[in-house]
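Have a look below at one chain only, the form predicted alone, in structure tokens format.
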């Protein structure tokens, strides 16, 4: 039976929050410098959801930096889960869904790596992932819920949750342990140099990720002035003092989507599925070599995705603004 994961006491969380640098200073770094802020063995929460606003460029940089023994968590993973397993940078992924996407089926990489014992997939329900991040963001050690009660996933996680009887109603509930990642990596549409990010479209769990994590590292499609951020303060997702660094990376979610700017690169996602279908080991090895290790820069990576696919994804993504 797995042991209950360690949950940080409130005093420690408060001290970490109080220790953050709250000064308004320039936090712009390069993509490689942003990746260097993440250390081996840390727990990294991934922002966005499935194929939406994935911080693909930062994951790409982590793979190239050959990080090791990282634990990743995310509400729903897509091919990013395949990449962190196959590259060897992840020892565990905590999530509620592990598939490139519905049309491509269950991840072949996940099956190969977990069944061989090379990595671990810790499964939770969709709701429980969100509630665990919410508890972490609130500084609470747990969150009561009915999610997973009576389910196979609930039985699977029986050693890491606690049964509880409500003192007000006498009803049986389930207590979920908080998630407080070491660092959250989040991609946004725009951000100023101080780390004030703005998100268009669904925010998913990113607000809770930012408050639950000890540090936040952002990538952004473009860096804008603080004056522009102040024109629409209601769109600022979380405060600048939670952010340690921000890197400007156009198409930083490719081959996934960034709402309002580009859709997923579907032909490339088909290519990845095809490369791993016949021989998952060789296919993913060839994929990593071709798209992760051979390109010398993110620009070269985008070039390998192809200008035509980039234009198709961009036209589709920006069509939401058409009359």
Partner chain sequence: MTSLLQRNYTSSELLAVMASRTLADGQTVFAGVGIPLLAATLAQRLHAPGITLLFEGGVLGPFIVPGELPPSTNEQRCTRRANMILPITDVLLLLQRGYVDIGFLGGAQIDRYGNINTSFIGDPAKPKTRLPGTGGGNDIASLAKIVVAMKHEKRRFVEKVDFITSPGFLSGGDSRARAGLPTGGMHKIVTDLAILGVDPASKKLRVEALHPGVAADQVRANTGFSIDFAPNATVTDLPTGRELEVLRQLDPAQLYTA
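Small disclaimer: the values here were computed from a predicted structure and weren't measured. Numbering follows the first chain given and starts at 1.
Here the subject shifts to the form predicted together with the partner chain, a form of this protein not shown in this document.
Engineer: Considering non-hydrogen atoms and a 4.5 Å limit, does the partner chain approach residue 280 in the predicted complex?
Structural biologist: Output for residue 280 is no: heavy atoms all beyond 4.5 Å of the partner chain.
Engineer: Consider residue 245 of the chain shown here, and say whether it contacts the partner chain in the predicted complex, taking contact as heavy atoms within 4.5 Å.
Structural biologist: No, no contact at 4.5 Å.
Engineer: Give a yes/no on whether residue 72 approaches the partner chain to within 4.5 Å in the predicted complex, heavy atoms considered.
Structural biologist: Close contact is absent here: in the predicted complex, residue 72 is far from the partner chain, nothing within 4.5 Å, heavy atoms only.
Engineer: Decide whether residue 222 counts as a contact residue for the partner chain in the predicted complex under a heavy atom distance cut-off of 4.5 Å.
Structural biologist: Close contact is absent here: in the predicted complex, residue 222 is far from the partner chain, nothing within 4.5 Å, heavy atoms only.
Engineer: Taking 50, 214 and 257 as a possible spot, do all three reach the partner chain in the predicted complex with a heavy atom inside 4.5 Å?
Structural biologist: Yes, the whole trio is in contact, each within 4.5 Å by some heavy atom.
Engineer: Going through 133-151, which residues have a heavy atom within 4.5 Å of the partner chain in the predicted complex? Please give them in sequence order.
Structural biologist: Stretch hits, in order: 134, 136, 137, 138, 139, 140, 145, 146, 147, 148, 149, 150, 151.
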